[in-house]
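Take a look at this single chain in structure tokens; it is the form predicted on its own.
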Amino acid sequence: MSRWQRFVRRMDREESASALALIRIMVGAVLFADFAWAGSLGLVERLWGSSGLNLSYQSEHPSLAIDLLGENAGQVLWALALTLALTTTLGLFSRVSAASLALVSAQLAAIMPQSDRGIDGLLRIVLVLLACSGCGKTLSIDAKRATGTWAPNVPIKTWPRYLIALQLLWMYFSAGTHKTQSAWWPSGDLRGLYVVLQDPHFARFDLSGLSEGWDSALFSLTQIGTALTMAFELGAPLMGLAIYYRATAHREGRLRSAINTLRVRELWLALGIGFHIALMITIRLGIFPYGMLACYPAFFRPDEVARWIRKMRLSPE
């Protein structure tokens, strides 16, 4: 077969729906928590309401939602987003819920562009891919209604999972290549994370009162963290190669053998998970680390997910 034929054949393979179902559940839960948190803080009117911070309602070219819903567009869209995030998580009308949530999120962004973060755009892409997949075939109300069980072993196409993984790798690599300031490189003493941790807008902790010795120790740790961050982000293409080599481990090749033996995929994933957990603890970045980790099942085959579940249950199988 030609390379194109092999590519099409691989993308057209079928696998268990468990990995994409986990992404659906976690992405939906992250977005539900985010919209609920905005509501609890009283930000719905401020961000998307007609009397809030935006000028979309007075614009000569308002968003489609404002044309259709008028001054209540923001509140209606927020309520819809909250509801659709919940139905996506539960797997109720999974494909329609995911597609509708992506559309509603895009309309909220059109009303108040300043409220739309990079992670929102990325999760909209993930939602569209989920809507094109069989993510509701298991671990969902849809599965329970269709088969009588919550977790049937139903095969689905594998290409949406591959494209979600590719989207994440592109995001990481792009983030690394855009860190052009010297602070992220040896020429700037790898002080990138140290600078961020000193910024009161982002830092969770006030480090200004550290003694000289503690400050020096912190700086050394952040230098290591900065170097690992750059290696992780710029190493995203190597992770893509490692995924491919793991899937074709039966073939020969020194590079394939070396990458599989060194467990490059596992090392990169360990760096990524540690990176996002560290962000959760030290820096205020909203739902970014949670939303990214919610997509990580895309890097694992469903049979690997099933093995973890058995281990967590201490199953003898």
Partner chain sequence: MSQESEGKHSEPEASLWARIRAALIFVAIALSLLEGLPVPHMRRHHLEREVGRRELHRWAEFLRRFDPALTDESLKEQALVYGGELEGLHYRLVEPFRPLFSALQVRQQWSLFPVADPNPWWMHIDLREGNTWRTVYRPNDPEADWDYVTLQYRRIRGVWNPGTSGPRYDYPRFVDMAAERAFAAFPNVEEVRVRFQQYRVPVPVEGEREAPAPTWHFEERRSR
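Predicted model, so just to flag it, every value in this text is computed and none were measured. Numbering follows the first chain given and starts at 1.
Below, we turn to the form predicted together with its partner chain, even though it does not appear here.
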**Request:** Could you confirm whether A102 comes within 4.5 Å of its partner chain in the predicted bound form, counting heavy atoms only?
**Result:** yes
**Asked** Does any heavy atom of L47 come within 4.5 Å of a heavy atom of its partner chain in the predicted bound form?
**Response** yes
**Prompt:** Applying a 4.5 Å heavy atom distance criterion, does G192 contact its partner chain in the predicted bound form?
**Reply:** yes
**Request:** Indicate whether its partner chain has at least one heavy atom within 4.5 Å of a heavy atom of I287 in the predicted bound form.
**Result:** yes
**Request:** Please determine, with the chain shown alone, which of 118-126, 85-93, 148-156, 133-141 has non-hydrogen atoms within 4.5 Å of its partner chain in the predicted bound form.
**Result:** 118-126
**Position in contact with its partner chain when the complex is considered in the predicted bound form, options M280, L68, L41, A270, heavy atoms within 4.5 Å** = L41
**its partner chain: the contacting residue among V76, A227, A109, L241 in the predicted bound form [heavy atom, 4.5 Å]** = A109
**Request:** Pull the contact list for 139-170: residues with a heavy atom within 4.5 Å of its partner chain in the predicted bound form, in sequence order.
**Result:** K157, W159, R161, Y162, L163, L166, Q167, W170
